[in-house]
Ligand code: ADP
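Below you'll find only one chain, the form predicted on its own, shown as C-alpha cells.
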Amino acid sequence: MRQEDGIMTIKGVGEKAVEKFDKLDIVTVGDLLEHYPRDYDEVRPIKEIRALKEGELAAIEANMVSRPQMKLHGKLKIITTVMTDHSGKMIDVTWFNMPFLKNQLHMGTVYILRGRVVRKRDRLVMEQPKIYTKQDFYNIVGKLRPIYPLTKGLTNNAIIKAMESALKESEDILEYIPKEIRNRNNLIGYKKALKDIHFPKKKEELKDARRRLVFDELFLYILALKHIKKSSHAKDSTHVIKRTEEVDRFKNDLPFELTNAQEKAYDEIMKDMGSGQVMSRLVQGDVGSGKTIVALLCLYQVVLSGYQGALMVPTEVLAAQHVKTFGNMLSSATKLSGEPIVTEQLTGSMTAKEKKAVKQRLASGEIDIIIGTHALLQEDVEFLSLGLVVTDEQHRFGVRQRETFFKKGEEPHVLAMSATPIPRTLALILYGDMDLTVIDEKPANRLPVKNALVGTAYREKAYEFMEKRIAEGEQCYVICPMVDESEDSDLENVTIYAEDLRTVFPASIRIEALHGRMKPKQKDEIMERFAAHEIDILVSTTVIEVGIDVPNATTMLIENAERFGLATLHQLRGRIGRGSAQSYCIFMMGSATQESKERLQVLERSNDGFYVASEDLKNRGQGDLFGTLQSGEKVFNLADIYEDASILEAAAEEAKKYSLEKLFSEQIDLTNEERAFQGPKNQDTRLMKKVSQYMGDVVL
C-alpha cells in the first residue's frame, strides 16, 4: 500500500465509506495519515458520584434507580434516568437521540457509564455517557484514545480502524527532512511521528510526535514564503496608484476622525501603491481597531485611478454587510468620469444565474469593487483591470489563496488584514513575504468592554443582568463550548441550552440557537435576523467568532470559559463593544483549576489583544498537548502559532540555510532498498503536495 493509493485499498473501507471520507477531504491513504486527531481522550479510573465536578469527563459504576423516561425537545429525543453508587449519592443521566435505550436499560442493574458532567438548574447531570462492560472499560483505563474530526455517518471507531490498517500496511512512509536538520532539532523520525501522533502509548510520545510534525509544517511553510518572496520581490507594477484630493476630502468628511494609527496605515499603503512596485502588505489590528475603513479608502483610491478592487472575507454574512456599508458610504462618491461607484458581491450561495451575471459585469469592468468569499477564487472569475486585492482575516486564507488571487489581475497590489493579535516577532516570520503595519489604537467613541470572571453560582445573576440589558433595547450572545464525544453534540448543546433559557426568561424575549452543523444559508439567515434585532439572545458555538458587526449586541456570556484558548476568547469578545454603548463580557468557569483561573484573569485585566497574545504565549510554556479549540479555515493541520512559537523560531532558523530547490534536489538519507522502491527523487511528489497546500502549484 502506497500513500497515493485510494482509501478503498484499506481493508474494511467500502464505497459508502469512501463517500463519507471524501467529505473530510480524505481521498488517498496519505490524506488519511495526515487526518490528525483533534483531541485525545485519557480514560481515568471510576469516580464516586459524590466526587464528580462540573465540566469533567468522568466514569461512574452505578445502579439505575428510576425507569428511563423519554421526552421531546423539538426534534431531539431525550432519555433521562437517575443513578446511584455505593456512596449513596445520586446523579441524573441524559442521552440524546438514542430512543432505543428506553427498552435496553433496566432498573436495579449496575452500569459503568462515562460522560461529561454538566450543571443544569443547580443539579449535576451526566450527558451522553457511553456504556461499558467491565472488561472493555478496564482495557482502556490509562490509555490515550485519539478523537478525530468527523462527518455524519463516519464514526470515530471507523477512522481508528482505517488508521491502524494504513499505518501497518503503508510501505512508503519515508523521510523528506534532511538528517542534519532532524539531529540539530532533536526530531524523531517521520514514520514514528505518524504512528505516535495517532496512537501514543504515553504523553511523552505524543509530545515528541507532535513536535516533529509541527516542525515539518512550519519549515515547509516558511520555505514556501521564501520562494514566493524571491519570485515576486520588487516587481514593477503596472498599477501605479497616486493619492488624490478626492479621497482626502472624502476622508475629512467622514462623521468620525481616523486614529493616528489608521492615518499611518493609510499613508504606508498609499506610499506602497504609488511606488511603481507591487505592494504586498499585512495590516494587523485588534478587533474593532478600524481596519475596514482603511481598506475602503484604499479601494476608493484604486477606483479613482481607473482600476477595480476586490475584498475577500471569510463569511457570506460579512460579505453582505460590507457591500451594504461600502454602498452607503460611497453613495455620494463618484469616479473621475462622474459615474457612480458600483459595489457588488459574489458568494457561493448565489444562484448560477446570479453568479454568471456578476462575473460578466466584473469581466466587462462594470463593477468597480467586488466583495465576496472563496467564490472569488474560482477559475472563471475574471477582471478587466484588477488593481488591488484585500483579504480580510488573512490567517484564514493562507498564501495559496492569496497567490491565486494575485494571478487573476496581472499582479495587483495585495493588502491582507488580520484581527489575530500575533506578536511582532512571530508575525515577521509567518508573513515573511509581506511588509507589516500595525493599527494599535481603537476609535475614541468605543468604550472598553467591562469583563467579569465568575463561577457557576453567578449564573442566576448573569441571567438577571442580561434581562435588564434586553429591557434597555440591547442584545446578548451566549457561547457554549462543544461537547467532546458526539458528532451532533454542538447541535444538542446549543439547542438544549436555548430551550432551557426559554424556561428562564420571559416569553417576550426572543431566543435562537446557532451551531456548526447548520447549512451556511441557515447560519446566514439567523445572523441577519440577529443583526436586524429580530433576536434578543443568540446561543452559539464559536461559529460567531468571525461574524458580523452588531453594534446593538452589548453582552456576552461565555460558558465553561476555561475550555477555550485566550486567543479564541478574545476573538469571541470582539463581537461586542462595537457600538457606542457600554458592553460587558461574562467569563463563566465550570470546573476551573487555580492555574486556568489565573490564565483567564488576563482577559479580565485587559481588552488589548496584543497584550492577551503575549500573555497567552508566556502561559502556554511547553504547550497544551491536547491543542486548542479552533474554528474557521486552518492554514496548518497541527501547528498553533502561540503554542508552537519556539518551534516556529527554530524552523525559521533552519529555513535560512535552505530553499525549496535545495530540499527537492537533495537525496534524503534512504537505504538503497528504499531508493529502489520509490525511484529517483522519491520525495518530490510528497513534498510537492505538502508545499502546494501553502502556495499552490510549485514551479522550481
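It should be emphasised that the depicted structure is a prediction, and the values quoted were computed from it without experimental measurement. One-based numbering along the sequence shown. Whichever C-alpha set is largest while still superposing within 1.5 Å between the two forms counts as the rigid core.
This protein has a second form, the form predicted in complex with the named molecule, left out of what is shown; the following refers to that one.
Novice: Can you say which of 462-470, 274-282, 440-448, 595-603 gets within 4.5 Å of the named molecule in the predicted bound form, counting heavy atoms only?
Specialist: Stretch 440-448 is the one.
Novice: Determine whether any heavy atom of residue 551 comes within 4.5 Å of a heavy atom of the named molecule in the predicted bound form, and answer yes or no.
Specialist: Close contact exists here: in the predicted bound form, residue 551 approaches the named molecule to within 4.5 Å, heavy atoms only.
Novice: State yes or no: in the predicted bound form, is some non-hydrogen atom of residue 261 no more than 4.5 angstroms from a non-hydrogen atom of the named molecule?
Specialist: Flag for residue 261 set to no.
Novice: Examine residue 291 and determine whether its closest non-hydrogen atom to the named molecule in the predicted bound form is within 4.5 angstroms.
Specialist: It does: once the named molecule is placed as it appears in the predicted bound form, residue 291 has a heavy atom within 4.5 Å of it.
Novice: Check whether residue 382 has any heavy atom within 4.5 Å of a heavy atom of the named molecule in the predicted bound form, and answer yes or no.
Specialist: No, residue 382 sits far enough from the named molecule in the predicted bound form that none of its heavy atoms falls within 4.5 Å.
Novice: Counting any non-hydrogen atom inside 4.5 Å, which residue from 525, 366, 92, 257 sits next to the named molecule in the predicted bound form?
Specialist: When the named molecule is considered in the predicted bound form, the option within 4.5 Å is 257.
Novice: So which of 578, 226, 510, 77 reaches within 4.5 angstroms of the named molecule in the predicted bound form, heavy atom to heavy atom?
Specialist: The residue in contact is 578.
Novice: Is it true that residue 446 shifts between this form and the one not shown by 2 Å or more at the Cα, once the core is aligned?
Specialist: Moves: yes, 2 Å or greater.
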